[in-house]
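In structure tokens, one chain follows: the form predicted alone.
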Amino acid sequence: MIKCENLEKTYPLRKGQGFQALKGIQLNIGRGEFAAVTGPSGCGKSTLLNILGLLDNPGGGRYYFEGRDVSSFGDPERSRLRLEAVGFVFQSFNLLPRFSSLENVCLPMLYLGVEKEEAAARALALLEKVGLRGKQDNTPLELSGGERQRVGIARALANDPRLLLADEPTGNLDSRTGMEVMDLLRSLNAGGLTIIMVTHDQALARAASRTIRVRDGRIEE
């Protein structure tokens, strides 16, 4: 599903210098895998996730997504493919605070042109799927941290993505709630969804089917 060949990424700094965040990344991830990306802060994990999620282009090398070379896609092409094929789960949830759970989950579908009635029906089904029956009218401020993350997962699934990217999805949760979220992610993966998760938590990394260790911009293991 994903193939990276010699991926490079350098961010410009002052006085013409640059910081090389990724150095010759070689990576293959098959459809249906659950991969955990680990490593110390600043090692390049988030940069790699941004490229895999089509939020950014590499500065060198090639990135193939479902067989297509997307390395040089422009913003409109990346945005469309990202909306259709990739779901994101964030550490800070990134929910709109004045919107209900249902409205937050509906948003990606509306951006894709789904009719409001159909989007609402699908959003309600997704909220039930993640264990939030009866919470569709609650705003994020009326939900616990674990419930907010479940809304975030439902929103990530809104357009039936082929790839789910989770960036420290349990970072703002207590250990028990974090394991509940992990159980939900494992259940989604068992249903065939490809998941790539960035985490500092080694216990969570071991719960994935594969661990990719990054250090100083390179894949260490």
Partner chain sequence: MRLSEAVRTGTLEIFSHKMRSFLTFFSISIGVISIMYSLTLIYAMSSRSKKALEVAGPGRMTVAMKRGGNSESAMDAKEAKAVITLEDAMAVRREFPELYMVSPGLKKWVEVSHGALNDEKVAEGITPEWKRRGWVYKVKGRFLNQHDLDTYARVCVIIEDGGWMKKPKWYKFYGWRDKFQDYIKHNDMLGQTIKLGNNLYTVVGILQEPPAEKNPKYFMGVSNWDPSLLVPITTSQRFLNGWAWSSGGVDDITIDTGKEATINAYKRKIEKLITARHGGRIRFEIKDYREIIKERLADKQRDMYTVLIIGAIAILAGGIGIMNVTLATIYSRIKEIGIRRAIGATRGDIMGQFIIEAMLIGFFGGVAGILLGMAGIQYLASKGDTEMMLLQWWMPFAAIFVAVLTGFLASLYPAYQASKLDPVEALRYE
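What you are looking at is a predicted structure, and each value in this text was computed from that prediction instead of being measured. Numbering follows the first chain given and starts at 1.
A second form of this protein, the form predicted together with the partner chain, is not displayed here; the remarks below concern that form.
At a distance threshold of 4.5 angstroms between non-hydrogen atoms, residue 151 is out of contact with the partner chain in the predicted complex. Although the partner is absent here, residue 75 sits close enough that one of its heavy atoms falls within 4.5 Å of the partner chain in the predicted complex. In the predicted complex, the partner chain lies farther than 4.5 Å from every heavy atom of residue 123.
Using a 4.5 angstroms limit between non-hydrogen atoms, residue 140 is distant from the partner chain in the predicted complex. For a residue to qualify, one of its non-hydrogen atoms must sit within 4.5 Å of the partner chain in the predicted complex; none of 144, 163 and 187 qualifies. For the partner chain in the predicted complex, the listed stretch (25-33, 55-63, 188-196, 173-181) containing residues with heavy atoms inside 4.5 Å is 55-63. With contact defined as any non-hydrogen atom lying within 4.5 angstroms of the partner chain in the predicted complex, the contacting residues in 107-135 are 107, 108, 110, 111, 113, 114, 115, 116, given in sequence order.
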